[in-house]
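Encoded as structure tokens, the following chain is the form predicted alone, with no partner shown.
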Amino acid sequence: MSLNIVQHATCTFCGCVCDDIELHADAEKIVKTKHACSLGEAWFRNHTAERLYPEALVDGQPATLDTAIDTAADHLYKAHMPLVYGLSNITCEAQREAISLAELAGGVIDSHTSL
């Protein structure tokens, strides 16, 4: 099996923007990383452009996007101090919206880096 090697790949997962990562990929996915931290390695090795899941899940079952939005809104409305967590692998604009939502819902915000 022949591997394609990409040198000096940049990881944008946590925001450190490490740019010295080496990726080894077969025809379908990345199979090995060098110089990536555990977060970066997990991101590169598990990231896929394939659609593996339905548009939305509610209680583990496929649902329409409208049903998922209504369910999420209901959970947020009933929640006491909901946690908005993660946000590292999304755009600045999406982070801004998530923070606004947390403030509106009386929630708290945390980053995966607090681990």
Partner chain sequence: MGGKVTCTLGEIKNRADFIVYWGGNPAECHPRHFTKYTLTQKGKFVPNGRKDRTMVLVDIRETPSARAADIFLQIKPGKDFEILTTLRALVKGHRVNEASVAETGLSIEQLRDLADRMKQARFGVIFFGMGLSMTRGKHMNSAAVLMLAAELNAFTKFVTMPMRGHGNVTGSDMVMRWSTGYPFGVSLCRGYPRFNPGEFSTVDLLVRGDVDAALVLGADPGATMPQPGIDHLARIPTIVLDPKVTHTSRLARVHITTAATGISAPGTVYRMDEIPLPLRPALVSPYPTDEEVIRRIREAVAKKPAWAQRPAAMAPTN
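All values reported here derive from a predicted model rather than from experimental measurement. Numbering follows the first chain given and starts at 1. Rigid core: the largest C-alpha set superposing within 1.5 Å between the two forms.
If you look for the form predicted in complex with its partner chain, you will not find it shown, but the lines that follow are about it.
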Checklist entry - Applying a 4.5 Å heavy atom distance criterion, does Ser2 contact its partner chain in the predicted complex? => result no
Item to check | its partner chain contact in the predicted complex: Ser88, any heavy atom under 4.5 Å | outcome: yes
Next on the checklist: Is Thr33 near its partner chain? Define near as a heavy atom within 4.5 Å, in the predicted complex.
Outcome noted: no
Next on the checklist: Within 4.5 Å of its partner chain in the predicted complex, counting any non-hydrogen atom, which residues from 66-90 show up?
Outcome noted: Asp66, Ala68, Ile69, Asp70, Thr71, Ala72, Ala73, Asp74, His75, Leu76, Tyr77, Ala79, His80, Met81, Pro82, Leu83, Val84, Tyr85, Gly86, Leu87, Ser88, Asn89, Ile90
Item to check | Ala105 C-alpha shift between the shown form and the other one of 2 Å or more, rigid core reference | outcome: no
Checklist entry - Superposing on the rigid core, does the Cα of Leu57 end up 2 Å or more away between the shown form and the other one? => result no
Checklist outcome for this item: One pair moves by 3 angstroms or more in the predicted complex: the C-alpha atoms of Gly15 and Gly107, which are farther
Checklist entry - Do the C-alpha atoms of Cys92 and His8 sit closer or farther apart in the predicted complex than they do here, given a shift of 3 Å or more? => result closer
